[in-house]
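Shown below, as structure tokens, is a lone chain in the form predicted alone; questions about how it binds or moves come after it.
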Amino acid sequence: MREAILNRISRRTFTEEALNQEEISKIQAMLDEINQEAGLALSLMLDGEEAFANRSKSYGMFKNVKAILVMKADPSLENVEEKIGYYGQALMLDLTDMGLGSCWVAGTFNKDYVEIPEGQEMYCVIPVGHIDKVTMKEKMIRGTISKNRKPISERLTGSEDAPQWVLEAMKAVQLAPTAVNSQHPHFTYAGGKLTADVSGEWPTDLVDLGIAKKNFEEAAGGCFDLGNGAEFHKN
């Protein structure tokens, strides 16, 4: 399994050190490549501090946020929410490899400070920055998430018949972040085929589906088709 999947945790407290030019250039190149490949409009906002300055919006959960990745796109783009999750998770794993901290944020920030061009919609943001030791608050959140992690048998229908490579890749799905630890993405192994889906009951379900698919791919090798209920193809 990719080390970044094992090492990544949501980081909400950053140091006061801003991203350097080399880091900015690397992140921008990653965004440009994704936007060209997926048709998204992801952008890097270096002055995003004000979006997290209001404690009533962020519940005091964030500290020293400066740079944020704005996860936006044309809402008419097919499978747009899944793409936001899939490519956002790809970015997050690469940021982890760079030694930077990050966190998915859907609602606990002031959206008025993030300018969105006409014809685009913002689905969430990803604060990114330099990190120090894990804070006590972050440890508590991580501990709660780990304690409430669903077993593979609850997230994979047909787990008793699934080959070992599927079971191993599902460990990466268990580590995939989901909104309020909902763990809604569900996988099914039947007739030699693997599919992934969500009920769509929650607004973030399709974003979470994209995140879970990315983690599974990283662990198993291969790729999912786009779409709710789509099939996986192993290399």
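Throughout, we count residues from 1 along the sequence that is shown. Remember, predicted model here, so these are calculated numbers, not experimental data.
Below, we refer to the form predicted together with a small molecule, which is not included among the displayed structures.
Not one of N35, L91 and L226 places a heavy atom within 4.5 Å of the small molecule in the predicted bound form. Comment: the small molecule is not present in this chain, but in the predicted bound form one of T135, T108, S159, Q120 has a heavy atom within 4.5 Å of it, namely T108.
Proximity to the small molecule in the predicted bound form, defined as a heavy atom within 4.5 Å, singles out one entry of N54, N64, N181, T188, which is N181. Only one listed stretch (64-72, 205-213, 192-200, 36-44) carries heavy atoms within 4.5 Å of the small molecule in the predicted bound form, and that stretch is 205-213. In the predicted bound form, the small molecule sits beyond 4.5 Å of every heavy atom of L95.
With a 4.5 Å cutoff on heavy atoms, T15 does not count as touching the small molecule in the predicted bound form; it lies far away. Of the heavy atoms in A220, none are within 4.5 Å of the small molecule in the predicted bound form. Proximity of R149 to the small molecule in the predicted bound form: non-hydrogen atoms within 4.5 Å are present.
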